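Just the one chain here, the form predicted alone, laid out as structure tokens.
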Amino acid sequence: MTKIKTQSLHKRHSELAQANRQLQILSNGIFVEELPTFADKIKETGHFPLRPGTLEVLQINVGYMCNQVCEHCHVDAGPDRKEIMTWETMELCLEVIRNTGAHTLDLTGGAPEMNPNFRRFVEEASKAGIQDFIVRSNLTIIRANKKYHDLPEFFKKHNVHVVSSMPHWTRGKTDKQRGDGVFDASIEALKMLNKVGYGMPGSDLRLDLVYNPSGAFLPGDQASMEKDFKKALMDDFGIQFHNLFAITNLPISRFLDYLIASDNYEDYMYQLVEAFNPSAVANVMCTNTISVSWDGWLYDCDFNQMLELKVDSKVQHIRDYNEAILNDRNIIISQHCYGCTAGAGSSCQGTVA
């Protein structure tokens, strides 16, 4: 059984979260008033207002319940979260999946596998002919309980693209961010995935890892880190995977709590603004993605979902889904959006520039 951080830590984060989120939404920058607004910054690039392009990704959060309480989780997930997508809402999502123009379905959480209807949903969604069917697994769920031990075979059966968080190739840095015992459980899960063919050279069973920094700094070069990860995991454990995605921590939820508590918020925001890359603006993930919350509400991205910033459209719920109407909207932006345009840019699929 994977050890997790205590629920009291999660409760402490949650107590801070509501006030911090409201502060962020209302102040449009919290304590750093002299920084340019993200809206003013992208006006210089000719991309204001930010508008959606062709819908490619339907990202569905099936619940915030998770077997871990990671320090920088932007979803604020944990074992005591009760928000779980019902089968009725899943059926509405399935109807959209069958009719949408999106070619990628991206299931996330929490630990999406902990939703009691997860397998049924995957089985039905896999029949829709989606080109890339992603499940974002935290790896440790595969080892957390015997009922999850067959997940690698289940993923293989439905040709699921597994994308998993892996903060570092060392035990110390990984456990510091995600909890004691997480590294060892993740390594065992990766071996199980490799055993059924995931991540192996020439295999169509895609296994990608996600890196996000453990502190108030930006990720390094994605390609260089991928080489380091591949060498270390192969040399130390014989583990293989396909790609590494480097994701910038956005100043929301638990990471925002951390930045404020450690007096790093102002410095971090300056880092993001100074690293602003105009070339990343056109490819930010909100331009090709719709995010669906556990209760069916629609958002421009899962970060806006955590800030409860619904799409700026008369269509705001999956029950009323209309792609044409949704495509004729302005994307809601705020200061946290700097995180997606810093350096090489950041998205759920890694760098964008």
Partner chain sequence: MSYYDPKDLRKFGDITEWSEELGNKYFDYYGKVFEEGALTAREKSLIALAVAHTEQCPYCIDAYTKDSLQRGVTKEEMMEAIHVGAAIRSGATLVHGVMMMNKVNKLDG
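Numbering follows the first chain given and starts at 1. Here the structure is a predicted model, which is why all the values come from computation and not from measurement.
One more form of this protein should be noted, the form predicted in complex with its partner chain, which is absent from this view; the next part is about it.
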| property | result |
| --- | --- |
| Heavy atom contact within 4.5 Å of its partner chain in the model of the complex, the stretch among 183-191, 215-223, 197-205, 154-162 | 215-223 |
| Of His168, Arg143, Arg81, His242, the one that lies within 4.5 Å of its partner chain in the model of the complex (heavy atoms) | His168 |
| Glu95, Asp228, Glu124, Asp132 - the one with a heavy atom within 4.5 Å of its partner chain in the model of the complex | Asp228 |
| Partner proximity in the model of the complex: Lys173 to its partner chain, non-hydrogen atom cutoff 4.5 Å | yes |
| Close approach of Gln271 to its partner chain in the model of the complex, 4.5 Å, heavy atom | yes |
| Exercise: Asp267 in contact with its partner chain in the model of the complex, heavy atom 4.5 Å | yes |
| In the model of the complex, Tyr211 touching its partner chain (heavy atom, 4.5 Å) | yes |
